[in-house]
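Single chain ahead, by itself, as structure tokens, in the form predicted on its own.
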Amino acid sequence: MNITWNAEKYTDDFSFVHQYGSGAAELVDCERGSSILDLGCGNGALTKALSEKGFVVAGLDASGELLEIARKNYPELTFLQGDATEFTLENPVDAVFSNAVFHWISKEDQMAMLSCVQQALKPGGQFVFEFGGCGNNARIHQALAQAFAEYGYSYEMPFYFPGIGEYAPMVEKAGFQVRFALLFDRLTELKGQDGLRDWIHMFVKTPFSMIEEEKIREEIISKAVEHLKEELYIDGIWYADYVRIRMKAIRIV
């Protein structure tokens, strides 16, 4: 999925993305000095955090805008530009880590991505990741779909949110053994009084591409936000109804 990011706003207002990813990063238990690829590294915050644990880390991302921020903030680290579904590394690594990336990849392209990861790892290497799971932001997407329908448009879900029963077999088919899997709710606080509107602007881009008039796009967002106020605006704070899938697997073939 090709997305143009407002990299500075993403870094300033949506820092929870990498902050929550630190929990998944704890599953990486390689020895100090081990080589790690941060796949979909974004602004490099988690790449830096992994390097501070004593790992030799490189980040890879498709977004030039986010990589610019990463290279500026962490010039001592290596950042590569590439697509998660068709990348290769000169030398295999001890672990591949990824946070909040795989739901951006269509179901049809998941096996291509998993194959790239498998080839990037040494035998016995660790594959640790977290991304949106079944039910992720369901209330938000339902409200948007309803608002789209009111204006005569069809809302196309832009993300892939699987459950463990669907995704673990795909991982194992790609040559891994799943050692840990968890699907969990994580109600996530958003920043500011326009937190939900800003979240939609930042993350839900593709469905709006069919609507030419900016006025209509904003009216649809307003309707969805108003519909969700009772459920997701709590004590003066906006929340997003996140559900995450977290896994650890080992390359066996």
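Quick caveat: nothing in here was measured; it's all calculated off a predicted structure. Residue indices: 1-based, along the sequence shown.
Although not depicted, the form predicted in complex with ligand BEZ is the subject of the following passage.
Contact with ligand BEZ in the predicted bound form, defined as a heavy atom within 4.5 Å, is made by none of Phe127, Tyr167 and Lys248. Ligand BEZ is not drawn, but in the predicted bound form it has no heavy atom within 4.5 Å of Ser98. The closest non-hydrogen atom of Tyr239 lies beyond 4.5 Å of ligand BEZ in the predicted bound form.
At a distance threshold of 4.5 angstroms between non-hydrogen atoms, Gly132 is in contact with ligand BEZ in the predicted bound form. In the predicted bound form, Phe159 approaches ligand BEZ with a heavy atom inside 4.5 Å. With the partner omitted here, the stretch from 118 to 126, 170 to 178, 68 to 76, 103 to 111 that lies within 4.5 Å of ligand BEZ by heavy atoms in the predicted bound form is 103 to 111.
Contacts with ligand BEZ in the predicted bound form, taken as any heavy atom within 4.5 Å, map within 202 to 219 to Phe203 alone.
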